[in-house]
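Taking the form predicted alone, here's one chain by itself in structure tokens.
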Amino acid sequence: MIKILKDHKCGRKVMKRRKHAALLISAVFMAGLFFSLSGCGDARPVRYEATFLRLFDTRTTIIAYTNDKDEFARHSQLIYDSLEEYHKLYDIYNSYEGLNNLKTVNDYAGKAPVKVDRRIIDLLSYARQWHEKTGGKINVAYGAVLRIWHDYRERGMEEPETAGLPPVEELERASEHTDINKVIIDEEASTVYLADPEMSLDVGAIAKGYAVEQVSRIAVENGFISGLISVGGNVRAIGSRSNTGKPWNIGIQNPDPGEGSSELYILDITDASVVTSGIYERYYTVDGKNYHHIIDPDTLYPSEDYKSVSIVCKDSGMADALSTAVFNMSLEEGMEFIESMPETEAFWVLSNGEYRYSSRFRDFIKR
């Protein structure tokens, strides 16, 4: 997870867990958003923050400096509403009245095409592109395998004493139903059809970042020119901080939180995205070993080379896809892949605790 450090005005240093000499102005609840407002008692922009937990099964935070509380509330409401729409469309676990989402597509696998919102087709088309670019390391048709791991992980977290691993045979059978070419998209009819009745879609490797990028564009079109949108480990910086030209400060979380600082680095980011995939968020333990949620399609088991992989690039959807894909590549393959992409950098924390960097990643590290 990427932690957003709170930076206050009036020359104060970055503080964690407490505000230093800040005046708490007010708090407003709106559509599940909590707004905490702090200011300096002068005419300069005030830092506003909205946090909510309802979407994409993770914590979402919006941060911006504005001169007007109502302006921030208006932008935050737009961002929340837009993210909620994407959350419902891309949900594979829950149904919503009057809405065909990805769960609907999965429910009709092998039965019939499902007419869907254009935003579902756009996501699946985008995911297909990254499937090709990454040699199959990103595969939204991998739901049959991922669902098995999901169910074992959920049971293992609820009843640790009975935690176990999925049988290899069960995983291998499921992997026979992951051919992305059997995801049939009819753009003219706006339908999606899973030709294999035993396959299912899981867009967890790409959906959050893709949604954040689309919503950030909507926000910019509506005048949100300086702020941060963070959805779990996906952070999109819009413009610079407080329209001063100063970069936003974004911390990369230490995957070993019990050892040293909670952040490995603070990055200076302007109008770009930072996404981290790591082993420390969704995992369960079997016989003293942790098994996380990033499954290598070659082994059908969690990847073991890294503790985390962080990507910096402009587009949040691209960063989300790359963080997962590179996590499932060898260091040499991942490094070569990242270096072939313009304006894209990566940072690896290896399983033995060592660090590796792409050629210009250090340029973003706050001095």
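Sequential numbering from 1, following the sequence displayed. Fair warning: this is a prediction, and the values are worked out from it, not measured in the lab.
The same protein also has a form predicted in complex with adenosine-5'-diphosphate (ADP), omitted here; what follows describes it.
Residues placing heavy atoms within 4.5 Å of adenosine-5'-diphosphate (ADP) in the predicted complex fall in a single listed stretch, namely 204 to 212, out of 68 to 76, 204 to 212, 161 to 169, 174 to 182. Annotated contacts: Ile138, Glu281 and Thr324 all touch adenosine-5'-diphosphate (ADP) in the predicted complex [non-hydrogen atom within 4.5 angstroms].
Note on contacts: among Gln253, Ser273, Ser277, Ser200, the single residue with a heavy atom within 4.5 Å of adenosine-5'-diphosphate (ADP) in the predicted complex is Ser277. Checked against adenosine-5'-diphosphate (ADP) in the predicted complex, the residues Val114, Ile148, Ile294, Ile266 give one hit for a heavy atom within 4.5 Å, which is Ile294.
By the criterion of a heavy atom within 4.5 Å, Ser308 is excluded from the residues contacting adenosine-5'-diphosphate (ADP) in the predicted complex.
A residue is said to contact a partner when one of its heavy atoms sits within 4.5 Å of a partner heavy atom; Asn328 meets this definition for adenosine-5'-diphosphate (ADP) in the predicted complex.
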